[in-house]
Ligand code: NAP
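Shown next as structure tokens: one chain only, the form predicted alone.
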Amino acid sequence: MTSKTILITGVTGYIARHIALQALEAGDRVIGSTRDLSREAALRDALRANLSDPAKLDNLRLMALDNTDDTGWAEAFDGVEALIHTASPVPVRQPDDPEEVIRPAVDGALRAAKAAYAAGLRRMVMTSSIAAVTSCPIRPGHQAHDEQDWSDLTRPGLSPYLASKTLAERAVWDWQAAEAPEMRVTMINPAVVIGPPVGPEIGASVYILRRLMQGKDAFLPRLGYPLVDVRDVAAMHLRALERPEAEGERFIASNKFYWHGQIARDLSAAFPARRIPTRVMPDWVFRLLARFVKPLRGLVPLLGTREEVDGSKATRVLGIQYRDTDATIRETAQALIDHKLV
């Protein structure tokens, strides 16, 4: 397959590092954007340690770009053939002002897309989220959410992060339809992403496992979520660039639903020397705590809710064969230990 030059925004991030690693392994040239070039050395060290041939790192170049500033974007796409936009704020804690998350997500996605289009690019893959999919009723006749669903932003209690992912994805689709019909866009909508990181940079979703491994909580809330391996998510971005049938499409990245307590029990069995909590908290206790602990309030509507999403379109169209999620949970936990993050 012919190598290409790809610009990956937010290249020091958890998912983006895996995309860059797989692209470099395939012989592609990668231009990575970051707000802070002081992070370049750590990124290169992490990639070098994971590449089959360290010489492939010569195909990586970093540029300083900011989602909130036009500086450098016009020049960034010189010689670039495709854009993979991953850069978007993912807060560990939701901010008091939703615009702190929403504005960088929306403006950054449009800034990257418009700069690419102005430079003559006609191919873009963007990291969205199932947060842009699942906050709505499952359609009649369906057992799970799929790519036709869109989160309803009029629902009460929606988090700033959910709003940011929905609004950013909508903004790019609306811009493409109105101003850039020749731009071929694909959206990747991952579920909760776990998996061993490239270096010590972990995603916000991995903090779920990190907190369990640290034994932070005596009791666990009755929450659950669909999981997917970060390596499968990265592969989906690159497969989408290769396949014309992916153009103009959304793809949910999701393999299997887990209850929080189930993950804790699996980790406790795999790492018996660690004091991993496994007892599940009654819902009424969690609701009472949420009255006094603000970050918990957004989780109350999710108690006991099994949110099914259908990730099979990625298998049918992109040929993705999802990794075993049980193994991914254990590998992620071991990586946290190896990187001294727990």
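Keep in mind that this is a model prediction, so the values were computed, not measured. From 1 onward, residues are counted along the sequence shown.
Another form, the form predicted together with the ligand, is not on view; read the next lines as being about it.
- Contact with the ligand in the predicted complex holds for all three of Ile15, Arg39 and Pro190, each having a heavy atom within 4.5 Å.
- Contact annotation: the ligand lies within 4.5 Å of heavy atoms from the stretch 123 to 131 in the predicted complex, the single such stretch among 142 to 150, 123 to 131, 217 to 225, 172 to 180.
- Arg35 is the sole member of Arg35, Arg287, Lys313, Arg44 with a non-hydrogen atom lying within 4.5 angstroms of the ligand in the predicted complex.
- This chain is displayed alone, yet in the predicted complex one of Pro196, Gly203, Gly261, Pro160 has a heavy atom within 4.5 Å of the ligand; that residue is Gly203.
- Interface residue remark: Ser88 is counted as part of the site for the ligand in the predicted complex, having a heavy atom within 4.5 Å.
- Heavy atoms of Asp283 never reach within 4.5 Å of the ligand in the predicted complex, leaving it off the interface.
- Although the partner is absent from this view, Leu65 contacts the ligand in the predicted complex, with a non-hydrogen atom inside 4.5 angstroms.
- Heavy atoms closer than or equal to 4.5 Å to the ligand in the predicted complex belong, across 102 to 120, to one residue only: Pro104.
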